[in-house]
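One chain comes next, on its own, written as structure tokens: the form predicted on its own.
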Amino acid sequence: MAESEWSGLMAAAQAGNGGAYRRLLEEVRVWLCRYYGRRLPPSMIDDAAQDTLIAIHQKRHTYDSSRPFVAWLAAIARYKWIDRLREMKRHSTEALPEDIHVEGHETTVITATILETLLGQLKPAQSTAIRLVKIHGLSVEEAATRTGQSVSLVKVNIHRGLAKLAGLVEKEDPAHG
């Protein structure tokens, strides 16, 4: 980091040189990430750096090129850091007790395994259409585009596939057997 180089880039940016301004902001962003990396939790670093870059952009007219740029930058970064600390205090969390009961994910894993087994018993076009529309949330039109099927064929595959799944589930359910 060269103080005179950043001062020169900022002076050029104030004079309207967009390339100098972009370069300065890129270099300053790296510096800010290191600065906040030593002061904030990792999840807050990018947001703090972004907030500081916005503040620099909004206050760039206040920079006096006869004064050190890094001191000006550090003052803005410090104020944004203090803002983050205040925000952390307002949104502080309580420690969880050691004996808190957390449900296992066994049911989710078992359900996903059963679903995969059932979908594996369908024709590939039916299974694919159901996955795309019913599981992944695509529209019928999007599924048609992805699979190369017509919209009506996707609808037919979903309808027939779901009917077959219902039959397979009923066949496996002891209450219906």
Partner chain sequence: MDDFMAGLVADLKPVRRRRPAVEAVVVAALFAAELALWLLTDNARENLVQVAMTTPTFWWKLASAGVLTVIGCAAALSSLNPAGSPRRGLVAFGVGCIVFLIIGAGLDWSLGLTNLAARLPLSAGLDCLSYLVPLSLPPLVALGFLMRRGAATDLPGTALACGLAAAGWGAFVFVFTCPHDDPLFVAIWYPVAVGITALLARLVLPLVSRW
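Remember, it's a predicted structure, so these values are computed and weren't measured experimentally. Positions refer to the first chain, counted from 1.
This next part talks about the form predicted together with its partner chain, which is not shown.
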| property | result |
| --- | --- |
| Region of this chain that lies against its partner chain in the predicted bound form, out of 51 to 59, 144 to 152, 127 to 135, 36 to 44 [heavy atom, 4.5 Å] | 51 to 59 |
| Residue contact check: Trp31 to its partner chain in the predicted bound form, 4.5 Å heavy atom | no |
| Its partner chain contact in the predicted bound form: Asp64, any heavy atom under 4.5 Å | yes |
| Touches its partner chain in the predicted bound form: Trp72 (any heavy atom, 4.5 Å) | yes |
| Ala15 within 4.5 Å of its partner chain in the predicted bound form, heavy atoms | yes |
| Any residue of 19 to 35 that, in the predicted bound form, places a heavy atom within 4.5 Å of its partner chain | Tyr21, Arg22, Leu25, Glu26, Arg29 |
